[in-house]
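One chain comes next, on its own, written out as structure tokens in the form predicted on its own.
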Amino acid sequence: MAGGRMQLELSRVVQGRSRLGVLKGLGRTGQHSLEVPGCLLYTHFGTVPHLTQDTLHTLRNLPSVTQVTLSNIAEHQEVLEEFKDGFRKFAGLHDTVVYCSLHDPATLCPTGYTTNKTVSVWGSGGRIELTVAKFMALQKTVQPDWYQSMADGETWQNSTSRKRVRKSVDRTLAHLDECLLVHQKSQELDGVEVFGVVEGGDILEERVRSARETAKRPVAGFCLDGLQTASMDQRLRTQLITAVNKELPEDKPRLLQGVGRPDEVLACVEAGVDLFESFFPFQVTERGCALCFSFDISPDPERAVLELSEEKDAAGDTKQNGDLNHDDQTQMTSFEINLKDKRYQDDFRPLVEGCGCYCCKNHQRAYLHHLLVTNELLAGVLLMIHNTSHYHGFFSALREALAKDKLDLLKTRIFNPLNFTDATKTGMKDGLCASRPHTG
């Protein structure tokens, strides 16, 4: 088996699906661990966007696993091969586990470029076509602690035909078998873990087949692909994830790709997902926005009153920014405020009352507004500090809620109608936001 040290220890399973525990034995030495449900640290070429390593490590609750993507790395293969000591040392990463995925989750890739033998990634220089041989050569060069197998993930659009979805599953399984064969013969990848990829588009039978066959392979965990925001509504996503997880072993982690919005994260955790990619704070930052949703499940009544007032302010903020499109990852969501708006030019409150991040301790909304409208680089730095801190704080609250039987309270906070505009309230039922109906 590839690797062999990664081990998921579950301490609780709530309502039969939501899993609380620790993923242990991470890294070449096995000394790292990651609490689940949890998320990975999103990076561009090993760096969290806008933040230096020193600035990043002033934040608390950072995950022990750093995600890098071949879409950022593939065009630098020759340089990394000449360097010889792997991507971790090349990028100056210290005391972290490196996970290598295929695509950047914050960027939708063009479709129509996959063949029976190749997949394509898109870097700054354009398209790079990967065979299994080139894909595995890249893994040997990167020297990650774990990586996802090569996969045909071009079936996330709901107009994809059943025949194309079936072909995607077949190709992905064939790629996995080839990757495992090369991996097991490679000295450079000794001790490195492989995650198999579950495809199947929006077709239940193909999802189940993909999961069942992938689970037969000697993989350390599973990536659930093609379920990202904008690909389908949450009810269908939950149905597919629930069916897939019934086919997967309980003692191996499940990583969901392309889903980061807090309401969707909660629904997917309830369906049995363990790990997520933390690209959502970056997307919010790029919009010039700040995360402001509440996830405090403490019983402090004074704190509750304060946060209720904050939520009312945030609800008023988002309403004035127009209708929100929850299917479009580039559009503002109801969990954030747009600091470019003129109303913040004389708002001297922190982004979030009580937030302990550097930005909220030292600066006001008015200052962030000024930085944004004058296109100062510091705006991205301060927003990324806050958004990263807030998002990882949400995951800490999620684990606490599972441990203390307060998941319903957390859901009440996240799905508070004050967090949503009138347009997004429509269709909210059972904790799920309305989105476009499934037509596949």
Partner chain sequence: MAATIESSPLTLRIVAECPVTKARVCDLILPHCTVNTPVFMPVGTQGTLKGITVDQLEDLGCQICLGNTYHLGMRPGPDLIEKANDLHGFMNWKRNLLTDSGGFQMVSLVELSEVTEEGVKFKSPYDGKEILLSPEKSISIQNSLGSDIMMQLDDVVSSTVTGPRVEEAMHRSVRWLDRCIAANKNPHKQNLFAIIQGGLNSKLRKACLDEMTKRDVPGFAIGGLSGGEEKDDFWRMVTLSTDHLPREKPRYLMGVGYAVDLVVCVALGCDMFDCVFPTRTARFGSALVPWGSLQVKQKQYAKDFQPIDPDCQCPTCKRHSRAYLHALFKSDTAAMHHVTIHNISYQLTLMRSVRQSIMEGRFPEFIQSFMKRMFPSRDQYPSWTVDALASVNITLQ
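Numbering follows the first chain given and starts at 1. The shown structure was predicted, so the numbers you read here are calculated from the model rather than taken from an experiment.
A second form of this protein, the form predicted together with its partner chain, is not displayed here; the remarks below concern that form.
Peer 1: Check for me: heavy atom within 4.5 Å of its partner chain in the predicted bound form, for each of 52, 83 and 376, yes or no.
Peer 2: Checked in the predicted bound form: all three residues contact its partner chain.
Peer 1: Have a look at 110-118, 349-357, 290-298, 72-80 and name the one stretch with heavy atoms inside 4.5 Å of its partner chain in the predicted bound form.
Peer 2: Only one stretch qualifies here: 72-80.
Peer 1: Is the gap between residue 396 and its partner chain in the predicted bound form 4.5 Å or less for some heavy atom pair?
Peer 2: Outside the cut-off, so no.
Peer 1: Taking heavy atoms only, is residue 90 within 4.5 angstroms of its partner chain in the predicted bound form?
Peer 2: Close contact exists here: in the predicted bound form, residue 90 approaches its partner chain to within 4.5 Å, heavy atoms only.
Peer 1: For residue 44, is any heavy atom within 4.5 Å of its partner chain in the predicted bound form, or not?
Peer 2: Looking in the predicted bound form, residue contacts with its partner chain include residue 44, since a heavy atom lies within 4.5 Å.
Peer 1: Can any non-hydrogen atom of residue 122 be found within 4.5 angstroms of its partner chain in the predicted bound form?
Peer 2: No - in the predicted bound form, heavy atoms of residue 122 and its partner chain never come within 4.5 Å of each other.
Peer 1: Give me the residue from 414, 371, 402, 65 that has a heavy atom within 4.5 Å of its partner chain in the predicted bound form.
Peer 2: The residue in contact is 371.
Peer 1: Consider the chain as shown here, without its partner, and state which of 215, 243, 236, 366 has a heavy atom within 4.5 Å of its partner chain in the predicted bound form.
Peer 2: Partner contact (heavy atom, 4.5 Å) among the options: 366.
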